[in-house]
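Single chain ahead, written as structure tokens, the form predicted on its own.
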Amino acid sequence: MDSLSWLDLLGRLFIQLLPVWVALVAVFAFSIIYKRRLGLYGRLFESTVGMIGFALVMFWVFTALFATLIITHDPLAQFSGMRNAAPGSPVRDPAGGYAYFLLGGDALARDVFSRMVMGAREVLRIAPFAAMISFMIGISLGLPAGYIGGKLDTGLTFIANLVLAFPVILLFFLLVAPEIQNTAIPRVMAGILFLMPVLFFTVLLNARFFTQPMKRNFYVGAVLMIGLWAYSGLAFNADPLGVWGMSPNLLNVFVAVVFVNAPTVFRIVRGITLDIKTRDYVAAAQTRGEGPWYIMLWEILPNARGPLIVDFCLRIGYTTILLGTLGFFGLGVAPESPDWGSTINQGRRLLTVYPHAALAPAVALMSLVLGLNLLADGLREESLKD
């Protein structure tokens, strides 16, 4: 069986990614039709830059979601005679499976295309959620620091500056080093960091429904029940039902990402709060007798959403790069993981002879980060019109 021509190869790649194309068309069609009703998200489709960025990001999101339908081979399986195979090479013994390595094979005779696709799932199961928890921690601490001020502001700002003063890459290496897994440090840090989202939503709903005890008790009770259930599994691997949990290596990476990003978010939220708390609508809320947490979470925070949404997109991009860096230096989720950083590192050794093994995940990483940056630019452009 002959190797595929470039035209045949592109056609097969298009067909293999068909679920992604269908999902993208559906999302764009729905969003464009109803964009007038979708607020800032809808206005994003009036920005060319924003639409391009959104398309790139959603391409990889749908690729991660449909990864099991898209891959052509087991990303960890090795195939006889396919070591460093060129893109479009036929599999010597497909045994009823897919007949080609669409993007070639790596130095261990694994399918590069399948590893690239599954790598998207590895990245996107960490980066957005780590950025989200970082934001909840930064908001929970940045709002009172900026609004209340005084010694609280001084103390929290000092701690944030202390973390930010440490070199980021070196801090990452220290937090994800294999030796750290044998200590209680990751679990203690996870216990502190993962508790913040539970407290955030508890205080948020308590402040909103404080004058409606029935609703407040229901919403706060639901948050505490679900939140503490997830907290016990994620932070301490103690979920009796086994729904929530993290491997020690994944927990290390997750904690490191959150710990490094949270102080930056704190400084951004604190700065925005210092500006917004002087506005007339905040003074009106104080005159009505609203409590400080209601003012912070339901008056100041909604009016800071524009810059925070933009920074959230950029933060996911930074986190993606950091995860790639960790994987490149062998400190990723797992040694055999198909995450893009590890794959680039394994392929770089033969880069001048067989570039495809490193080039495919590198282009994937670059396109996702580019999409996030363009999406942030589009959101910034549209949020300034408010």
Partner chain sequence: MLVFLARRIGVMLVTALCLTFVVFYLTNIPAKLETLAKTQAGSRISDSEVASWLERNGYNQPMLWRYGEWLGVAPGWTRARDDGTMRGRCYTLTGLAEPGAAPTRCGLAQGYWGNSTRFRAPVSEVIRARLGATGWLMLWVLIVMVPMALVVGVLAGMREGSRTDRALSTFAIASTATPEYVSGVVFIALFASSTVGLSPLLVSWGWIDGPVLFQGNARSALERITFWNFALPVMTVALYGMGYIARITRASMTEVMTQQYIRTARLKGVSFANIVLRHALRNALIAPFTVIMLQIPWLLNGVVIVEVLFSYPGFGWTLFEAAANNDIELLLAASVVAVLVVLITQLISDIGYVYLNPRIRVT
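Positions refer to the first chain, counted from 1. Bear in mind the structure is a predicted one, so any value in this text is a computation, not a measurement.
Unshown form predicted in complex with its partner chain; subsequent notes refer to it.
Taking non-hydrogen atoms only, V168 approaches its partner chain to within 4.5 angstroms in the predicted bound form.
Residue contact with its partner chain in the predicted bound form: L359 places a heavy atom within 4.5 Å of it. Contact annotation: F218 falls outside 4.5 Å of its partner chain in the predicted bound form, judged by heavy atom distances. Under a 4.5 angstroms non-hydrogen atom cutoff, its partner chain in the predicted bound form has V369 among its neighbouring residues.
Here the chain stands alone, but in the predicted bound form its contact with its partner chain, taken as any heavy atom within 4.5 Å, falls in 183-191 among 201-209, 221-229, 183-191, 239-247. L175 is the sole member of L251, L175, A145, C313 with a non-hydrogen atom within 4.5 Å of its partner chain in the predicted bound form.
Contacts to its partner chain in the predicted bound form (heavy atom within 4.5 Å) from stretch 345-366: R348, L351, T352, V353, P355, A358, L359, A362, L365, M366.
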